[in-house]
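This document opens with one chain alone, in structure tokens, the form predicted alone.
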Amino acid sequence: MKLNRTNLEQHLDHLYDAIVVGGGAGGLSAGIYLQRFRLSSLIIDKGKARSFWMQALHNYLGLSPDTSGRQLLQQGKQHYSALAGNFLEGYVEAVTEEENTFTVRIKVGRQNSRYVMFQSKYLIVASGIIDHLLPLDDMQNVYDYAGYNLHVCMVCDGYEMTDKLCGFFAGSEASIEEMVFNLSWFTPRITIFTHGLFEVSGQMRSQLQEYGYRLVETPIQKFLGENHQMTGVELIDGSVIELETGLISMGSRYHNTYLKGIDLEMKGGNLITDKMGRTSHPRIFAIGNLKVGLNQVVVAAGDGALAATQIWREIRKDTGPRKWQENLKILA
């Protein structure tokens, strides 16, 4: 059931078996498994998951290569709804814990907002990350191509860049060192753009020159192209550099600030988990991009199944076997 302002009240006193923060591929997968395990679940989604921006999922087993992220999420929401799971569009502001129960504070509505509290036994955090894009005065010019042939994930889309003229848009020298030489597995025809955001060391300049990679430090004025296909960039000095594809590597922001009141073991911006997605807190599970691991839609979906299964195992163990009451009467 989709919750909204008109039907929230009747659900506020319910203690859910699990609340899932995030309605992307991982969160929806977790919710579907929780409902199929006959547990009560609530998915809270702020909207615009990372996969929402994917124009075509070329690497998801069983789906047509032109399936968009939006289609995948829409089908996932329909599946979850068909299993009677509760879904709320809102922004999770804080999570607190008291006597083995989590209280989740949620802001509902961007205007005339309402703040509500829901409670659960377990928490699955699947709120993901958002990629930083190239900062231009006209950001719509970036959105016109991002998710088409201007990519943010080399593991997802490296194949799409094979042997093409590729622009690598770096947020730091560390991103150049980490990504460019791996990107060359797919294409060596790489031009690195710093957009004037940072200085490149002499050692890195020498390395790039050794492999024949171009370095452009003049800021970018705008992307060029049409029909969502980027064909190059125009620099602020008016010069044009032709490209056939691009990879943005300017860092990401993790949607996990609502967990700041809970002491959790982390590695950088990621939560450390076991193989089932359990964090250092026994009743908090992290899946998808928030955990240490590979940032892939198909992996996030698997993470959701694992976390939900482990929660079911524990609740099942605590509850014990069900008795066949009618047969007990006959046997008596």
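One-based numbering along the sequence shown. Just so we're clear, the structure is a prediction, and the values are computed from it rather than from any experiment.
The following text describes the form predicted together with a further copy of the same chain, which does not appear among the structures shown.
- Per the 4.5 Å heavy atom criterion, a further copy of the same chain in the predicted complex is contacted by stretch 61 to 69, the sole one of 61 to 69, 281 to 289, 42 to 50, 261 to 269.
- Contact annotation for the candidate site: Ser113, Ala170 and Arg205 all lie away from a further copy of the same chain in the predicted complex (no heavy atom within 4.5 Å).
- Checked against a further copy of the same chain in the predicted complex, the candidates Thr162, Thr101, Ser201, Thr257 yield a single residue with a heavy atom inside 4.5 Å, and that residue is Thr162.
- Think of it this way: in the predicted complex, a further copy of the same chain has a heavy atom of just one of Gln229, Ser239, Thr96, Asn182 within 4.5 Å, and the residue is Asn182.
- Using a 4.5 angstroms threshold between heavy atoms, Met54 stays clear of a further copy of the same chain in the predicted complex.
- Under a 4.5 angstroms non-hydrogen atom cutoff, a further copy of the same chain in the predicted complex has Thr319 among its neighbouring residues.
- In the predicted complex, a further copy of the same chain sits beyond 4.5 Å of every heavy atom of Asp138.
- Taking non-hydrogen atoms only, Met1 never approaches a further copy of the same chain to within 4.5 angstroms in the predicted complex.
- Annotation for 184 to 214: interface residues with a further copy of the same chain in the predicted complex are Ser184, Trp185, Phe186, Thr187, Pro188, Arg189, Ile190, Thr191, Gln209, Glu210, Tyr211, Gly212, Tyr213, Arg214 [heavy atom within 4.5 Å].
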